[in-house]
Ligand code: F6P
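Coming up is one lone chain in structure tokens, specifically the form predicted on its own.
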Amino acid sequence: MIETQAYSNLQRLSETMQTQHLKELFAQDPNRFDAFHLRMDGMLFDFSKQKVSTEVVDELLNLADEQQLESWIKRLFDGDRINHTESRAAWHTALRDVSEPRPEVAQQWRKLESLVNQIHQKQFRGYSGKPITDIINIGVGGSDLGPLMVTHALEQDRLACAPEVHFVSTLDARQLHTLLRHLDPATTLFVIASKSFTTIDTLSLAETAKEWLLQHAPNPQVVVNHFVGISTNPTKMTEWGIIPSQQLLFWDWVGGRFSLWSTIGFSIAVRLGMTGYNEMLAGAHAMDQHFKNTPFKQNIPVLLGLIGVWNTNFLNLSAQAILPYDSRLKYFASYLEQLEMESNGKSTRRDGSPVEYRTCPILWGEVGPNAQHAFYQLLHQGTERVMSDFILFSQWNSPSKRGSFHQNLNIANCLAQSRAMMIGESSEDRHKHYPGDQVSNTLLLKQLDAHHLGMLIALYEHKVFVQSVIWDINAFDQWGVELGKKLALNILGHIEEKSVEGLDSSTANLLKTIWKQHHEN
């Protein structure tokens, strides 16, 4: 990136833009919105509250050209092995074209649909012959966050025939034990979701679930009726005890944090039905087509990604806030934390050389009205400069007579906060002074349903990819996750052997203190 002519030009432009207050940009051009927003069917992207000019946008587009973004997008959609460190494609987009699915994908959709229909029609039964009333999804990372986020967001679209769906991911098992106290083993189905089916976090929880069932089932053989497995590894699923008819597969070219589009989305399909699930895929596919075919100057994922690069590398902003103004998106910021920071939290370029510039910002967020009473103080009067994404839906079908009032209040708060961050407010009392000049985007979607949520998720996926191309890093591996797992197994061995030999003094003495406190109890 730094070798390009556009980078040099952007460095020069940033020196001027950093001294410009956002409210001055609007004073200079009251119609600024006209030049700095984009639309596609169902979505408006307003980036007029960014410190950009037409010249800045043009140079960002030149940077994309110099980094060969168009070629990389083609390689992504063609299924090339762009995840070069693992010699894999990153082909999650191939899962979203339901009109022309790949044969192996179509086969798994049929199997998933069959299982979903059995559950909805009360034909999927446990050891007592009673139909399933509760499903517990056991997974971690992408096998948990994606389905959890979507099912919570689309709770209002849940089918009446769908069972309750619960999610368990914490390896301390407290989540699981709390759930099991209130559930009937005869009517509970466990979904074991693990790409490799070797993840110790997931499998340890699965074993706990199996033990619970064995305590209640009339014989061990019928316990198999209570497990569905989802993995790329059918051999491991069979070895664990999941029968082939209840195994759902996906492929190594589907990264974990992109896997909700695969059979990992089983829990979503159970809640929404296949029609609802396919609507979500169709929304993502619509964003795929926009990203793939729209000129960069009108391309929402491209501009969203490039503006993030501008803020990170030229305006030196190191933090990104995700602020959805809809309580149904409670888990959306958490989902994006994994998507962005696991994808682009890298310090090595594709050729193995170290990067010489900042890559992924620190990302966090919360539902907007809650965040207003938490960390907005920092955004308005703190010392940190932060880039924010406001996410808003224009329509809301409320069962309450006061629904329109609540929606108007919600819209007013969202627009007021983005405006306040932009203009600020002067005061002779420094305690009441708001500097403003905090940059933000606003994403306005028509409504929160399966189609528009699919669009929104795919938008951020493509934003992440755009930025990885500009930064010359691989967005699709996650080697940084592996070291902690490896050391955890090593320390587990020390715990089982009651030995601290070879450990550092901090780890050794923490273990000794833990053992002492256990003994005292």
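The first residue of the sequence shown is number 1, and the count goes up from there. Note that the structure is a prediction, hence the values are computed from the model and not measured.
The same protein also exists as the form predicted together with this ligand; that form is not shown, yet it is the one meant from here on.
Colleague: Looking at 223, 140, 379, 443, which is the one with a non-hydrogen atom within 4.5 Å of this ligand in the predicted complex?
Modeller: For this set of options, the contacting one is 140.
Colleague: Which residue, 114, 404, 196, 316, is the contact with this ligand in the predicted complex, using a 4.5 Å heavy atom cutoff?
Modeller: Answer to the contact question: 196.
Colleague: Hey, in the predicted complex, is residue 53 touching this ligand, heavy atoms inside 4.5 Å?
Modeller: Output for residue 53 is no: heavy atoms all beyond 4.5 Å of this ligand.
Colleague: Can you work out whether residue 39 and this ligand are in contact in the predicted complex, taking contact to mean some heavy atom pair no more than 4.5 Å apart?
Modeller: Flag for residue 39 set to no.
Colleague: Flag residue 481 as yes or no: does it have a non-hydrogen atom within 4.5 angstroms of any non-hydrogen atom of this ligand in the predicted complex?
Modeller: Heavy-atom contact with this ligand at 4.5 Å: present for residue 481.
Colleague: Check residue 338 for me: does it contact this ligand in the predicted complex (non-hydrogen atoms, 4.5 angstroms)?
Modeller: Flag for residue 338 set to yes.
Colleague: Using heavy atoms and a 4.5 Å cut-off, decide whether 158, 265 and 449 all contact this ligand in the predicted complex.
Modeller: Negative, none of the three is within 4.5 Å.
Colleague: Which one, 492-500, 28-36, 59-67, 473-481, holds residues whose non-hydrogen atoms are within 4.5 Å of this ligand in the predicted complex?
Modeller: Careful reading of the contacts points to 473-481.
Colleague: Determine the residues of 253-282 with a heavy atom within 4.5 Å of this ligand in the predicted complex and present them in sequence order; the list may be empty.
Modeller: 256, 257 sit within 4.5 Å of the partner.
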